[in-house]
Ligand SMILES: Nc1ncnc2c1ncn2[C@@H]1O[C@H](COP(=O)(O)OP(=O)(O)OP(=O)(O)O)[C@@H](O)[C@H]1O
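Consider the single chain below, provided in structure tokens and representing the form predicted on its own.
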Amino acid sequence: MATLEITGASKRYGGVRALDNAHLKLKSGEVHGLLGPNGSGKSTLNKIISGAVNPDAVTIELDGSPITINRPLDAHKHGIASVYQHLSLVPHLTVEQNLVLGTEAAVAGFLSPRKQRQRIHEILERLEPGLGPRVRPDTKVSRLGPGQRQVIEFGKAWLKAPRFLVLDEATASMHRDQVQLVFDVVREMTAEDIGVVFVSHRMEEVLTLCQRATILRNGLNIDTVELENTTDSELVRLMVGDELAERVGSAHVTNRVEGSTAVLTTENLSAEGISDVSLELHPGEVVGLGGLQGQGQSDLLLSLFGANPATGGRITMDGAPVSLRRPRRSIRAGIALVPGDRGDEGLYAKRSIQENISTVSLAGRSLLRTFLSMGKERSVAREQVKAMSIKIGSLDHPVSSLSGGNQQKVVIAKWLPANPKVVLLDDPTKGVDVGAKAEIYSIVRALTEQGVAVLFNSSDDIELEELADRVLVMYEGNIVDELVGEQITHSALVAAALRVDEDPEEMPA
């Protein structure tokens, strides 16, 4: 049995300890989960394996013999491939060109792609259920959706014929059917003795796919467990500790103000991706958007924020008609948006944490919209960091230096000084750990306690069950069903999304 073993992995970034003597042993033919909160060292360990990060110390053994990995090419030579949540694709190139990027077949400097092209067609044929029939080798990647791009990224690693494969949040942007396809292919790979490291913040994915799991916390190994002998609650406790574990899965409490006038309504709202959408949001209410992903949920949120201008219908705020054709108008009306892609749409990655927190409400604190008090800006940023429990080194550090969960909390924190009436959340816990999820849930509940209305899209049915007072189920840009209170169950959500009559015995687990 082939093995890839990492021991004594340590890495510091300035004063931050990312890994401290961490270890991981991967066997051929197994899917090994790597679990832990954001900032626990999972991605750092994976990047050491793939050669993207040079550690302060590490020993790597392949089949019992020491090897050195200083760069991605070294990992490739040893049969190690990686897929990350953040893509390495080049949008203006074709699917085929992206698949072979960096590993193009060549003879005497000239490309000889016959065998490689044959393999590409085999891979694309196998991945077609997750890509759709219109995606061909000559299709530009820029024309693909996020889930399709992630499937291509997976295919790119598969084409390298690895002995060991690292999947680091590789399913985060995928729809349910795409995730299932990748799982099927991974099982085919392990049947051929390929070993897989799997990272996902969706616990059900880990439990479905993995046989063993190693848990990290604060850069340290906590335990390695056989998943069939470990309960969900014990895994959560190992990942986040006793205190946060008590906050995960807490009972749903509604803060809707009974008898209140709707803070926001839409009547037959239409825009790109949505048609004839009518809804009401009340103060203190959490309304979820359910259904299969890509059915207009994000389009609706963008339309309410003015980034996807309405082509028909009517929007009112506090009973008065409003025109929300630009984000600036929506912000003035009291609407905030936490977008689905925090990296590209929610943050200025190279700017400081302080600047990111200040960006929305800056004008409201300036004198004559010209003069700023840096002391006041710093004070506001400190207040939000404390209130949101954002783990930082310094307010002056770039926001890109934070873990994914802390970055997401910065995206939310920047809106709070503006005192919004309505907060729109687009898959707010995608790519964050179970501890950060619990903290974000607490933030949502705190907002509703203050009378803020929350409308959120989620790819996680468990999240909809836990947070939502109501769930509006979308299909092809329309609201086709509404579930309220105790009606919001996993089986009911799946049935409504698939537009079938609910039969608990037939609902997927």
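In this text, rigid core is short for the largest set of C-alphas that superpose within 1.5 Å between two forms. Residue numbers here begin at 1 and follow the sequence given. Since this is a predicted model, take the numbers as computed values, not measurements.
The same protein also has a form predicted in complex with this ligand, omitted here; what follows describes it.
Proximity to this ligand in the predicted complex, defined as a heavy atom within 4.5 Å, singles out one entry of Thr224, Thr94, Thr254, Ser401, which is Ser401. Interface residue among Glu169, Glu285, Asp426, Asp299, judged by heavy atoms within 4.5 Å of this ligand in the predicted complex: Glu169. Shown alone here, Asn98 lies farther than 4.5 Å from this ligand in the predicted complex, counting heavy atoms only. Although the partner is absent here, Ser43 sits close enough that one of its heavy atoms falls within 4.5 Å of this ligand in the predicted complex. When contacts are judged by a 4.5 Å heavy atom cut-off, Asn406 counts as touching this ligand in the predicted complex. By the criterion of a heavy atom within 4.5 Å, Lys437 is excluded from the residues contacting this ligand in the predicted complex.
Partner contacts here mean any heavy atom within 4.5 Å of this ligand in the predicted complex, and among 464-472, 23-31, 439-447, 43-51 they occur only in 43-51. Residue Gln85 is the sole member of 68-89 found to place a heavy atom within 4.5 Å of this ligand in the predicted complex. Superposition on the rigid core between the shown form and the other one places the CA atom of Val277 less than 2 Å from its counterpart.
Relative to the superposed rigid core, Ala172 undergoes a CA displacement of at least 2 Å between the shown form and the other one.
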